[in-house]
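In structure tokens, one chain follows: the form predicted on its own.
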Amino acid sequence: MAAPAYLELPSTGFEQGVTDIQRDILQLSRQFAADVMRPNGAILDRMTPEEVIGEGSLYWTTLLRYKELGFNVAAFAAIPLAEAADAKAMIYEELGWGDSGLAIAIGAGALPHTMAARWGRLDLLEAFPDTMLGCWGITEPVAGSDMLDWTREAGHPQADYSRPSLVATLKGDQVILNGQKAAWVSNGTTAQFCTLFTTFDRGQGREGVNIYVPLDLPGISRGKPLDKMGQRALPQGEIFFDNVAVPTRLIAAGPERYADAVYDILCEANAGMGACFVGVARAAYEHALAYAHERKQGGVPIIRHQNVRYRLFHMLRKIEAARALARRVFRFNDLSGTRALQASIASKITGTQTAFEVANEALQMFGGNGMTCAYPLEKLLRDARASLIEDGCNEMLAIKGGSLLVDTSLL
């Protein structure tokens, strides 16, 4: 058989065995990312944070249009587990390809529903239907990544942790909240409810509680949306609690299960981030590949230069490796009967680092044009840079992941 002169790879790369259901999901999410997310994200990127969350903005339009696709808890429950696991990774990649800020707004908005379904809490799904926009409130002003490392695998042995910014206390059949969550809560300024992770003070030492909180309760207020470098389509901001009373029936995980709940939601969030930023890397690579065929330097299209082809190949290699890991992790965590946080961390770090490296290389290939707002590379680089810190900075996550490899029975 003669070797092909040119093999055009699909955007899914070296992927085989895609089912009809997955193909339909992929087509829907890809069209949505191309027709809605990418153009809307580019416009939102140039707006002020206040304009982004303003009534009738493209942020709200995008969220509404995504709901119409029907990618919800019930839909995934209706298809085989293996297909659902792969489909989730595919969807997150396509959304990231469209716009990572909007992708995270969508993912964070649905995360509380996903976790309630995983834990079999039908009462929470009924109280907070998927028509409501959610958020995940865990990070605090004095404890960013520390709140994700509740069991302190990454903590210094001599650490003296400061008083938490938000404390829950028990009063009869109510949980009373006082304090605040940090400005980095995704959808913090827009969400209708929050899956809240916070310190629980029962006078029994350091404990935590995860409780679902309607964000229209008396005593709740919001900070200004952050004005930030990247992912500007994603509203992030503080949530303040002043003697807020929440019924104990909305507790998802009490002190006995709190560490497990942190572990479980970080598994889900990190896996999603890994797949999402494969999409960002792919977007940067596709722009660079097309530009290399168009741009002439040295009298020829720059793809004729060996160094450009060399760099493009390494961009492709990194993307394929990150994609394979992202899908493998979703499968393991959803199908094996157990969840490996070290796997999700590996995917998150690999996906985000790949996105940053590929976007940086792509911008270099665009030269001076890449630095201008007339081309998409400077935005992709800003968005990718933010991902190295989100959902736990990569340095802390790597230490935590490494600590999960320690078999104390051998020591």
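Because the structure is predicted, anything quoted here is derived from the model rather than measured. We call the rigid core the largest set of C-alpha positions that still match within 1.5 Å between the two forms. So that there is no doubt, residue numbering starts at 1 and follows the sequence shown.
The same protein also has a form predicted in complex with a small molecule, omitted here; what follows describes it.
This chain is displayed alone, yet in the predicted bound form one of Ala386, Leu63, Met47, Ile53 has a heavy atom within 4.5 Å of the small molecule; that residue is Ala386. Figure note: of the listed segments 135 to 143, 215 to 223, 73 to 81, 291 to 299, the one touching the small molecule in the predicted bound form, with heavy atoms no more than 4.5 Å away, is 135 to 143. Not displayed here, the small molecule is approached by Trp184 to within 4.5 Å at the level of heavy atoms in the predicted bound form. Interface residue remark: Val18 is not counted as part of the site for the small molecule in the predicted bound form, having no heavy atom within 4.5 Å. In the predicted bound form, at least one heavy atom of Gln231 sits within 4.5 Å of a heavy atom of the small molecule. Proximity of Gly254 to the small molecule in the predicted bound form: non-hydrogen atoms within 4.5 Å are absent; the residue sits far from the partner. In the predicted bound form, no residue of the candidate spot (Ile25, Ala322 and Thr350) has a heavy atom lying within 4.5 Å of the small molecule. A movement of the C-alpha atom of Tyr161 reaching 2 angstroms or beyond is seen between the shown form and the other one when the two forms are aligned on their rigid core.
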